[in-house]
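Take a look at this single chain in structure tokens; it is the form predicted on its own.
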């Protein structure tokens, strides 16, 4: 009889604490990942999910200062029995920030990096690079393309290709789909979560991964285990507990919980197709899936025949005619590399147009990487540096659930906390007439995304024009007055969110997808 394979991963009573911290960042946590199992790790922002992943091969404490208690075993061996680098022959880590993964100058350098460290023959490496590019859906002529020329989503796909080239036995993936357009996110999930692959994946973006996971583990705000089981067990039976902790759940769960508060008892299902037959007729659900129409102010900003390009780069979008009104929330959606961030920087006035005309006041932009904003050594210092008064600092930290972190260094925060801090610093003091938010919900839990939506609505109510660049069609539907689709070097659609985001054929043609709430739109629910 063949002996059973050892578990790919086993954590027993694991706790982690950073130097000078008053409490553990995560734990105690016990977790088992069987060989060939695909498990989703959920938890609110700041619950220690990334910290736990960083500890599994010993990066904490070997490379990242910290104290680990408890036991971690990989394939039946204590993780500390090898150096973190030595585990690279069987364990691959996909970091939340692709720039933490990328070490090469060109795409080929990056994909070949781990293989070169393993001293594989050059011919084998070259073929592995070609195969990884092909599997990740990246053009074969990208081998010489510079990493610095790629968009955030394109960098994430290159990091994924590098993982695929390693052919690891275990993948530890931290928010791998956060920066990706829907088609790329589906491909990434399909590749990472292939049947038989051992994977522990952290992701707030549930849509691409839910049909490909075997189990779910959920941490609470204190970094301890809240629930474990199959998706049906966790989302069906514990949906209310997750919602109370501000953790993402499928839309069907959120709709079911909202209706329960109105006295409508529905089955404990977690898929929208299972919920739709049970929805009572005549219900008003627009508060959950769409923004009510709001009056807008006069035009505040115009781009006319604008051509936009990154610094020292080629023009990526051209012929742009776009008007923003005071109090308007404009959503910009499009595939990775379409030029969304570049257009956003031109709208904010941070990038000069190559050709065309921009008329209107200067604005501000929340960058895709929140660390680009940080200039001080404390959370509250970031707001002070932006001109916030003591009262505005207190209010801003409270609005973004950062009060307890006021004296903490920004770089010690979780990615979701960093993003909330960047948004707090930009919105606490100066009322920018135009504010561009680049992927404002990336890395945020449900509570953080709800807070972002609430703040965007408040900014618009004060007459500010807000531009939201996002791959989250459901978020765009919930906060935007108008949606622009950017693809093929220009604007391919411009109109009301419910109209633009229901055109499945056009969205699919450009690597996008309808929002999860589209099923409710199709039922005629007012949006």
Partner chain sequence: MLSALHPLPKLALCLIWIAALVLVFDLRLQLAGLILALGLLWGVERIALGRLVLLMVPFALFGFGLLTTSVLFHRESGFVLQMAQEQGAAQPDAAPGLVLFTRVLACGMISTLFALTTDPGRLVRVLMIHLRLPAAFGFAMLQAMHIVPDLRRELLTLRMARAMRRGRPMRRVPGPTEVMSLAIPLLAFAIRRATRAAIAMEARGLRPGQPRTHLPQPPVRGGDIAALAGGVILLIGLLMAL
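Note that the coordinates shown come from a computational prediction; the quantities given were computed from them, not determined experimentally. If you superpose the two forms and keep the largest set of C-alpha atoms that fall within 1.5 Å, you have the rigid core. Numbering follows the first chain given and starts at 1.
If you look for the form predicted together with its partner chain, you will not find it shown, but the lines that follow are about it.
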Can you work out whether residue 104 and its partner chain are in contact in the predicted complex, taking contact to mean some heavy atom pair no more than 4.5 Å apart? yes
Just to confirm, residue 88 within 4.5 Å of its partner chain in the predicted complex by heavy atoms? yes
Any of the heavy atoms of residue 175 lying within 4.5 Å of its partner chain in the predicted complex? no
Look up in the predicted complex whether residue 311 has a non-hydrogen atom within 4.5 angstroms of its partner chain, and give yes or no. yes
In the predicted complex, does each residue in the set 116, 119 and 375 place a non-hydrogen atom within 4.5 angstroms of its partner chain? yes
Which listed residue (350, 266, 258, 244) meets the criterion of a heavy atom within 4.5 Å of its partner chain in the predicted complex? 350
Counting any non-hydrogen atom inside 4.5 Å, which residue from 80, 109, 228, 274 sits next to its partner chain in the predicted complex? 109
Could you tell me which of 399-407, 214-222, 193-201, 147-155 sits within 4.5 Å of its partner chain in the predicted complex, going by non-hydrogen atoms? 147-155
Residues of stretch 347-368 in contact with its partner chain in the predicted complex (4.5 Å, non-hydrogen atom): 350, 351, 363, 364, 365, 367
For residue 432, state whether the C-alpha moves by 2 Å or more between the shown form and the other one after rigid core superposition. no
Would residue 119 count as moving between the shown form and the other one, using a Cα shift of 2 angstroms or more after superposing the core as the test? yes
Using a superposition on the rigid core, decide whether the Cα position of residue 392 changes by 2 angstroms or more between the shown form and the other one. no
